[in-house]
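For reference, the chain that follows is the form predicted on its own, supplied as structure tokens.
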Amino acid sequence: MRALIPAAGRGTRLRPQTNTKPKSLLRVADKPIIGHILDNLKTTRIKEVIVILGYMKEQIEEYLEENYSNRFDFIFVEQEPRLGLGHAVYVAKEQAIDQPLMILLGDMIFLQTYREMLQKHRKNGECAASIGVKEVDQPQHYGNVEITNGNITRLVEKPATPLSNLAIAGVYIVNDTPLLYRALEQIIENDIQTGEEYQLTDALQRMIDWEASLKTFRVEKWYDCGRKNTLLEANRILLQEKHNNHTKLTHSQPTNTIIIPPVAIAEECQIENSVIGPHVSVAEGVKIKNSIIKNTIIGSHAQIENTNLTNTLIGDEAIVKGTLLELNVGDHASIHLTY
């Protein structure tokens, strides 16, 4: 079995953070989003990982080769133009069609292990594919499934009238990859689009129409990192989880500073006369002075002085000085606030 991670998108909902960095490299807790995905994938026996790249692809390639090439063999495939999730999977046909495939969305983080999901898939018995699902309050915002007698009967992408309260959670385990690619090929060749994109859900529905058996497994503790608020929520949850598991999160020693856990502080940070936490992630090389910061993610080599931050994203090498309550500051920005 191979894994496939679509990571080609521009991440427009997370601008300005994604103006200079791909979404999958945004920091959550102590590492980028895609780092959490690959750390989780280590719980399985999967070794080959296909990564679909596009926007700022060189940054992702460099990060993966530097940090994970000793565990995984990466196959990089470019998606150009970028025409949706179904298209992202389709462009890897040559690399993926000959083995079962585990598709993992590049902006979803799970506390549940992928190993456990594979076990649930195997318990489903003989089927063409299994899809991770979760009960949600607003299923119209997600891919949505309808189940009859344990089998999926319908899938719809973001329906105006939901089929059920079960949302597709961003994990797909496909046994019959030739059938999946036959379905993808048909919707692309016939230009069958939903919302101006080729949807993976449309291809999976085509498989069901051809009488393939598709089943589900339940997913818990699922965090969508596609928006600022959900990114900060994932940061809070992951920091707390790592703190509860006694994971070392502080790699620099602040001076005359109160740390309120859970907090992650990377190496070579200079922090003095401040209150940090709870739920703050600080990347490497950050300088903080005379500040109070909580529920915030701070990019590498940022400088923060004389300010009060909460519910905030700070990009790499940004400078923030003054007094404020909430910001979303992109990479290389310079902000000076005074009374």
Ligand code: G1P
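Start at 1 and count along the sequence shown; that's the residue number. What you are looking at is a predicted structure, and each value in this text was computed from that prediction instead of being measured.
Another form, the form predicted in complex with the ligand, is not on view; read the next lines as being about it.
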Considering non-hydrogen atoms and a 4.5 Å limit, does the ligand approach Tyr142 in the predicted complex? yes
Please determine whether Gly170 contacts the ligand in the predicted complex, using a 4.5 Å cut-off between heavy atoms. yes
Look up in the predicted complex whether His251 has a non-hydrogen atom within 4.5 angstroms of the ligand, and give yes or no. no
is_contact(Lys120, the ligand) in the predicted complex, heavy atom dist at most 4.5 Å: no
Which of 193-201, 72-80, 122-130, 258-266 has heavy atoms within 4.5 Å of the ligand in the predicted complex? 193-201
The one option of Leu239, Leu85, Ala96, Leu231 with any heavy atom within 4.5 Å of the ligand in the predicted complex is Leu85
Among Met207, Met108, Val91, Met102, which has any heavy atom within 4.5 Å of the ligand in the predicted complex? Met108
